[in-house]
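Below you'll find only one chain, the form predicted on its own, shown as structure tokens.
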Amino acid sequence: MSSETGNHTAGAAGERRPGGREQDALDRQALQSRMAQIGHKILVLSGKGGVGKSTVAVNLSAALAMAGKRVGLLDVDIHGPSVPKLLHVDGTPLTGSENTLYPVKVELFPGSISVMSIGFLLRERNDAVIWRGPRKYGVIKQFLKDVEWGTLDYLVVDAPPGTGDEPLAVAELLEKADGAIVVTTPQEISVQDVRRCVVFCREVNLPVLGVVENMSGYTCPKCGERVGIFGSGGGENMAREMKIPYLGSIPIEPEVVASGDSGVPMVKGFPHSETAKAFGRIVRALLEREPEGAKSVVAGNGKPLRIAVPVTGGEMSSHFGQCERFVIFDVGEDGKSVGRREELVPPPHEPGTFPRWLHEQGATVIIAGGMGSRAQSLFNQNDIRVVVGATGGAPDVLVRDFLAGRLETGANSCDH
């Protein structure tokens, strides 16, 4: 793939190769083979620019990766690629061969994102890419077909604003995409354009997974007053009118600017912010769509059964308060099989923090080695059943043993 671009035209990167029907058939076969290794394909769209769509795509990808998913992020905003900057990988040289490119790996700890963007092919970051439709189609097809994405759980595609060549090309080439997440801001001028985006999705048979309202209010850090700088409720009202899911609101926070400039997504750099929490709720809604995690047995309190295990070094921690992270499992409809698995880094440990945080994650059971009586009481107050005295081991094994009724428990190693 050529990386030649210029201020007025570009090289062969987006050109269709000759060969007629035979070449088209080979390209289609190569594309299908590559896409067959990807479980879920999600487009992030908006009918209007300036709504923070790329920021949403980056944080959505990061949140999925930090939840233990293998994630790719494709930036097809040919004329304004911003993903490399938002992840602090702009200027990174690409590697590969004539017909294969390797995506740039962004490590998040936990998780990573495989990233591809036209921005990596620019000789200078200020170069303008001036291409007509066929050339755009060609380079997007090459990004999907020739990039060594490997096996992914999710491919997130950040498309430019509007309903033009790029989103149309992606919708056509992906064929069986899960759907689109449409980003808006609360004001009516943005909502109007997003309505057109929803109509576009319906006309190209692309499901709309839901609407995200970005820049949805600012809370003063001094007085706590919430101000709707761009209005409020426009995205939610539009979703209701057009009978599509509303995935949630992303607030305005000053840290978003610092996050974009530093190249560290909000969900990673500011995990306790309202923005990070909002993305967490959106990701949980997406993960619940997965076949293995969509159906779950309910616990005695009427909530879905989700089992949390504190983990250090890959095995259950002897004391939950000293763990590095929590592994959380959904339970299948039969009450015996393990479905979706998430690894989450908890907030700093203080009395009462973990029970509240795990309650927010939807946990209904915690398996632990040692836990004091006060902590057990706090977990119970948060509708989380406590199983103590587990003797350690891999969390997956512990959960399966628990569901099978053969989990061995001993004395509580911390009963102060």
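Predicted model only: the values in this text are computed from it and were never measured. In this text, residue numbers run from 1 along the sequence as written.
There is another form of the same protein, the form predicted together with ligand ADP; it is not shown, and what comes next is about it.
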Proximity of residue 189 to ligand ADP in the model of the complex, heavy atoms at 4.5 Å: no
Touches ligand ADP in the model of the complex: residue 253 (any heavy atom, 4.5 Å): yes
Partner proximity in the model of the complex: residue 54 to ligand ADP, non-hydrogen atom cutoff 4.5 Å: yes
4.5 Å heavy atom contact, residue 347 to ligand ADP in the model of the complex: no
Ligand ADP: the contacting residue among 317, 214, 114, 142 in the model of the complex [heavy atom, 4.5 Å]: 214
Ligand ADP: the contacting residue among 237, 82, 232, 92 in the model of the complex [heavy atom, 4.5 Å]: 82
Options 244-252, 281-289, 339-347, 221-229; stretch whose heavy atom lies within 4.5 Å of ligand ADP in the model of the complex: 244-252
